[in-house]
Structure formats: structure tokens, C-alpha cells
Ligand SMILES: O=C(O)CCC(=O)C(=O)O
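A single chain comes next, written as C-alpha cells; it is the form predicted alone.
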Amino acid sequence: MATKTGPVLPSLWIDDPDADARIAAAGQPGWLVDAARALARDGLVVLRGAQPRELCERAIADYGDYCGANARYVAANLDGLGHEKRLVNFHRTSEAALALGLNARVMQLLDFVFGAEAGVYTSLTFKYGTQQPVHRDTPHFATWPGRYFCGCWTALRDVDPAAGPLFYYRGAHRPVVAAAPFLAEAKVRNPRAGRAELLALALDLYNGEVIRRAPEWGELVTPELAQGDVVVWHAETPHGGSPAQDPELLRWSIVFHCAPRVVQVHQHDAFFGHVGELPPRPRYGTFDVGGRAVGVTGDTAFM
């Protein structure tokens, strides 16, 4: 995964001061130029109507078939409201979901942004809104070099404003928050804790910092999203799920976690605990679909 002299890829160019000039000079189609500029400037871009509506409906139908065939498992994985939890790696079960993840327009944008061939690491499918507090994905999707990750979220149906829509902080992806101080603080607070406990505390401290400071870093935005719209966000963009005014409303969506084929995605233990420019050891394999790498990262399961 890395050469003897350094990481397999250079630092992410879209974060460099000359990114806008490089985008303009790259000779890309107009839509891609606009999308890359928005991603570099705002930390997020909405690709309107990027997914076929019929494919979105097929994915929802496949979800229903999966739940019908696994009724006992579904019943054991309901939250406090009686709703299904988020479904991990549904693209390993549904061909329609996998096709959404490998959308040609999205992959073309990611190839350009990464400067390398993009692929799919994992996915999460949601029937309801997450109502998740603002957070950054970086600790959960850590890469070497850093920030070679994008979240690619598709609205499978039109998003009702009362269902807890996606929100983000525009432009708040620029301040980089180093991991090491949070692990050090965790050790000070709980010097007798084991490694797993220290890493969990470091993550809590990191998340608290993002919650406190995201409003300083950028502008709160809640985009209106319709079926087939795709939201692509930078690894450092603070985002979350708004509180649902009506928690019984459905908010059908699927998010793919994407990285270059040649880059492995690591979890919070590596984010806080790994030292050095070279990446940790590879932790999963891949298989190819239509020339794109798809991570072998577990079966379809509720989480």
C-alpha cells in the first residue's frame, strides 16, 4: 500500500491554495469544474438528479425484500422508536444499491478530486433520519495520506423537511484538528484505562471539539434534496442529521464511503493511535465491479 520512500499518493491537491487554478486548467467538463470548485470551497457539493429515479425505487424495493426475508433479524434490530437501525453494506445484497454506489458521474468527480481511481469502501442505508449530532467523518474513515475520503449520499426519495434532513457547515472543512492531543488528554483524564477505553474517550473529546467549534468554522446549511440528488462531502466537512419534527416520517437514503483503490480506509483506533506518514497495514481486500474496486468489509447487517 506504500512505497519504501513515502505514501502511495501525495497530499490531497484539492486542499492546496492553488486548487481553483488547477481545476480551471484541467480541461474538465463544465459540470465537473463547478462540482470540484464547490467541494474545494464549501466542503460539499450537490449533484442534482445524478441517480435515476427508477434505480432509487429498485433499491427501496430490494430493502423491503431483504427485511421480508429476514423478519426475525429485523425485529431484533429496532431502535427505541421501533424503527430499523441503519443497514451496513446493503450494496453487498442489492444490485441496485451497488449500482447507485458506482454511479459513473460520482466516480468521475472522485477520480478527479483524488487524482486516482475511486472505489467504494462501505455503505449505510437509512429508512429514517439519523438525527445525528454534527461530526466529522475523519476519525472513522482515516487514510494515509489524510483526507482521501468522500461521503457520497443519495436521496432515495424526496426529503421532507420534517423528517430530519441532512445539514452541514459550509466552508468548515478547512481547519484540521490533529488527533494526538485528544489521545494525550484521554490519558491524563483516565491514566488507568486500557487502550480501547482511551481510544473511545479520545473520540468523545474530538467529537466534542467539532460540536463546539463547527459554528465558528462555517455557515450552517440544510440543502433541499429530491430523489436522485447526490451529496458529496469532503472528509473534514462537519455534518449531521437535523432533529426530526415527525420521527415517523421516512427519510430514505444511502451513503457510500469512497476512497481511491490504492488507499485503505482505517478506523478511529488508527486515527488516534497510528504514528508516521506511512499507512497502517492493509485491513481488507477488494473485488472489482465494472472496473471499480469494492471493499470486502463485511456482510449486510444492521448497526
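Quick caveat, the model's predicted, so the values are computed rather than measured. Start at 1 and count along the sequence shown; that's the residue number.
The protein also exists as the form predicted in complex with the ligand; that form is not presented, and the subsequent description refers to it.
For the ligand in the model of the complex, the listed stretch (190-198, 126-134, 211-219, 106-114) containing residues with heavy atoms inside 4.5 Å is 126-134. Site annotation in the model of the complex: the residue of Val45, Val255, Val265, Cys56 reaching within 4.5 Å of the ligand with a heavy atom is Val255. Among Trp153, Trp144, Tyr121, Phe182, the residue placing a heavy atom within 4.5 Å of the ligand in the model of the complex is Trp153. Using a 4.5 Å heavy atom cutoff, Leu166, Trp233 and Arg251 all lie near the ligand in the model of the complex. The ligand in the model of the complex comes within 4.5 Å of a heavy atom belonging to Gly241.
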